[in-house]
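Just the one chain here, the form predicted on its own, laid out as structure tokens.
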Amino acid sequence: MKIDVLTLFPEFIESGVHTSILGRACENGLLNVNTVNIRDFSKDKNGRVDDYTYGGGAGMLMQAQPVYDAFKSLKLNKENAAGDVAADGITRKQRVIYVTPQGKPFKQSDAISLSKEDEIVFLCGHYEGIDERVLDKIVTDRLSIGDYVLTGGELPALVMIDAIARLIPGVLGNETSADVESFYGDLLEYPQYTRPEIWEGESVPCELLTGNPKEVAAFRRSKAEILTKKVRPDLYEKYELRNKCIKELLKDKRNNIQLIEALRRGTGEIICTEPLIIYMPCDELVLVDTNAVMDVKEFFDIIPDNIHSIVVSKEFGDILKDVPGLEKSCDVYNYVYTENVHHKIKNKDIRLLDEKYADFVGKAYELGGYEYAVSRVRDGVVYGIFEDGEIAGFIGCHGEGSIGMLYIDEKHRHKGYAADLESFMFNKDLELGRIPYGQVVLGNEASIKLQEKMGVYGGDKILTWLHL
């Protein structure tokens, strides 16, 4: 990921991103932070970038011209708010974040969403702020880290950069680390302990010494619940609502598994309860209760403006598909692995794919398109199976949590590799306490037969994927 920071104090940002975990991420090429000194674009002979505010008032305001020229100097990969079009033809708007006390509170869901971007621009203000005209022209997001005022935007920018960068695959060095920390699933993280077993007369809780994973998990969950209820009752209320919805959805598990897992894994936010609508910032996706059929205007008033995809029942999908700008992608059935038993794998040479395989995956996976497939490789969720060092096929995980993207090269088919890849993904989900599930496009008989062979059971309701 590349992060550009427009600032009056580049050394402030540089000192913060070149230490500890962020520093290692930069050294390993996972993160590239570029600073641009706004003062370098001043047309004043003394390098002045501020002036008095029209209408009077205390303090000075940063001028529009040096900020705008600093922004235009960036070599962006997407179309930006200034109207420049990227060489690759992609026309998605560049995310430009202005850090300001007047912004929307920055949350973990924002960090998740922004971590999926290839490039982000941060704009750091000073004095009384920045001329509103340039903000309207280039800024896409206004974010705040709290209800207080600081001397400048550099500290908030560093806070957000840290929260975003740690979600980039490979930055933490442990792909499950970010999934079990505070705010995932609306619970604060449980208390943790290390050696020695007894310190100052205080012993590590005996539940953590049993070696029983289920007992340890139950203890940690209980402590997380107690801590959240005491310290953050607002979060605990959301946690209770989440559990209530899961309990109701489990009555029709196979048809609602995508909603259940979004809530269980803490990757989805409830934005409406009647009907149940879940927003997934990680994929800018909305999941809708399979029983929901509602007024179209009311639906679009509820869901966020920045969504890319919607998953609904076929009945509701047939209504939505006529909405301008909304295109039907495919109809699917859910398939759920309901056993808590690990599968045996014959071919053990299954590896996480890195960037050098991105083009292969992008060209082979047709359903989501080249750019989507490549993005999943970059997100670190696609695994390949190899024969004599040559890649024979791959499988991945979609943003909402379903297992998919299964592909076997033609010359390697009928060797059991598809079953090995699915088994591998099932086992990974089980180890993380997740329910393995996937979706099969209507008419894909080969995939349906594979699911039945794997002991995976399908729902009886057709779901429709729609894309904006």
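On a predicted model such as this, the values are computed, not experimentally measured, just so you know. Numbering starts at 1 and follows the sequence shown.
This protein has a second form, the form predicted together with adenine, left out of what is shown; the following refers to that one.
Next item on the list: Using the partner position in the predicted complex, report whether Val99 sits within 4.5 Å of adenine, counting heavy atoms only.
Entry: Taking the distances in the predicted complex, the answer for Val99 is yes, it comes within 4.5 Å of adenine.
Notebook entry, point to check: Taking heavy atoms only, is Tyr148 within 4.5 angstroms of adenine in the predicted complex?
Noted result: Tyr148 belongs to the contact set for adenine.
Notebook entry, point to check: Though only this chain appears here, would Leu143 touch adenine in the predicted complex if you measure heavy atom gaps against 4.5 Å?
Noted result: Within the cut-off, so yes.
Notebook entry, point to check: Would Pro205 sit within 4.5 Å of adenine in the predicted complex, counting heavy atoms only?
Noted result: Residue-level check for Pro205: no, no contact with adenine.
Notebook entry, point to check: If contact means any heavy atom within 4.5 Å, which of 274 to 282, 214 to 222, 114 to 122, 151 to 159 contacts adenine in the predicted complex?
Noted result: Residues of 151 to 159 come within 4.5 Å of the partner.
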